[in-house]
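In the block that follows, a single chain appears as structure tokens, in the form predicted alone.
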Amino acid sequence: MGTQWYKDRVFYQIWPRSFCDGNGDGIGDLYGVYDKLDYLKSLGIGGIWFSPLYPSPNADYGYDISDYCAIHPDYGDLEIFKKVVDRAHALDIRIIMDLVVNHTSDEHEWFRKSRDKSSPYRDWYFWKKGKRPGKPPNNWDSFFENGAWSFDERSGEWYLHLFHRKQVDLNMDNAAVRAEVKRILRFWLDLGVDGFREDVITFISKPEGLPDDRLSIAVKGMRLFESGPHIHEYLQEFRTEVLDHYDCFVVGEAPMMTVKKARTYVAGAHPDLDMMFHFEHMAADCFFTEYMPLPFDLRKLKRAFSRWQYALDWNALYLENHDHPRVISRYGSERYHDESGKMLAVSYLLQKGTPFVYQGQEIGMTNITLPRIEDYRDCQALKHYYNGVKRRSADKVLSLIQKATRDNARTPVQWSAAAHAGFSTAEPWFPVNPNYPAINAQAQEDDPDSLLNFYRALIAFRSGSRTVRFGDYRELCPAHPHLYVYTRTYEGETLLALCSFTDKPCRFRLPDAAGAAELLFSNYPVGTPNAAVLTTRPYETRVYRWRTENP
């Protein structure tokens, strides 16, 4: 099962197309990653999660893979990839890859061959006749389309895709498909990769016969294909036959995951996965998806945080990734940019688990507002727009897209105030956020009070703290509508993290045990750090430490 080294590291997610362009063509690449490894080391990063680097037609920007054992030419080749891995390892930075095996691109050679009914690849995917002419085989929904089936004229049958029509679901019940997955795992592990983030991994086992879903209100079919009948069997097969033979780790990603269900994946002596990415805490301002917005509700966020902290021994911690808008624009305040950015960092970085920082999060990158739907690339956003304009005005629908689209997280990283934010010497593939002259890494580098240096200090503290690594978690004042307060306690030492999610003043009384507590972090000057009662300023955060007994 390896050494569980992932519990002692902070990871950084790179969405390669927008991280850093090293060869001057306007697209982020592995040459740019190589140039920024020292920056990541200075941030205290101990691991990198690469979003897909593989060849892809980019219908869903890398999550539609056409070759699992190569590098997309936009990003480089296997030679520069190995150079990045070797340099990262020399800096004590581990590398994990995105494993996307629920589906392939329709341009993958497996799918191309499967269109022939006599091909042995036919059963690698789900090909079905319609219920009747012009009608799909069942009533399942797609996340990126209006239905989960597309008709192929050449084959005369329908194929299943739970996401974009160019992302075709693999039939994992076929042993040959599972053998290919194991070959892919070995290929990258033998190249020196240290693990995998497994994309929508709980969807890979479909129910026999692919029946209609008569109960679901939202995404029809999801209750049937989420955690399907053979999911644990297949994940154990991958673990036992491949992963157990390497010092690596795997973190799953699972929409609509609950803590009860997560235990079946990550608990026990030989778990399917080491950690689980869930989405529950990303719904504090929406219902199920950002395209169904609601007023931000801190109590909803806190319930999600604490439910997972109490239920599992170890969690995958994050506030941003490639699938969600920027968190300062959601849960914080662009007006109180630095203050809320620092508060949000404290809200999750000292929890129990392995934290993931998304590119640009450490400098407080925010959402972008583009004037036309034609300016957006996100296939999910385009689906919602063209569905929405059938019922509402185009202006209202565009306003929703501007706030909810995943493209908000995919603008080029703002490295400096130079042209194109220092991301590239050429016109970038996607617009740079116009706030880059004020929000960029270079401007924050030498400012001791910057958000970047706050992240550096907080990550350094976390990495050296046994209380953060091993301590118990406890939430205080869970009913408070504006304050999130939690403690971590270990061997007589207590850390208290106070986070205000409002610009309104809130009174808070430190626990009596705090006594002469040491103030470790704050995003405002504090005149009397040990005052028993404090009144918070907009989006204030503080971290205290005290001892209550000898270890």
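Throughout, we count residues from 1 along the sequence that is shown. Quick caveat: nothing in here was measured; it's all calculated off a predicted structure.
If you look for the form predicted in complex with a small molecule, you will not find it shown, but the lines that follow are about it.
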_If we define contact as a non-hydrogen atom of the residue within 4.5 angstroms of the partner, is Asp323 a contact of the small molecule in the predicted complex?_
yes
*Flag Ser142 as yes or no: does it have a non-hydrogen atom within 4.5 angstroms of any non-hydrogen atom of the small molecule in the predicted complex?*
no
*Heavy atom of Gln309 within 4.5 Å of the small molecule in the predicted complex*: no
*Evaluate Glu290 for contact with the small molecule in the predicted complex, applying a 4.5 angstroms cut-off between non-hydrogen atoms, and reply yes or no.*
yes
*Name the stretch: of 267 to 275, 146 to 154, 404 to 412, 73 to 81, exactly one has residues whose heavy atoms fall within 4.5 Å of the small molecule in the predicted complex.*
404 to 412
*Given that the small molecule is left out here, which of Gln167, Ser424, Gln361, Ser114 has a heavy atom within 4.5 Å of it in the predicted complex?*
Gln167
*From the list Ser329, Ser465, Gln380, Ser450, which entry has a heavy atom within 4.5 Å of the small molecule in the predicted complex?*
Gln380
*So in the predicted complex, are Arg197, Val200 and Glu253 all sitting within 4.5 Å of the small molecule, heavy atoms only?*
yes
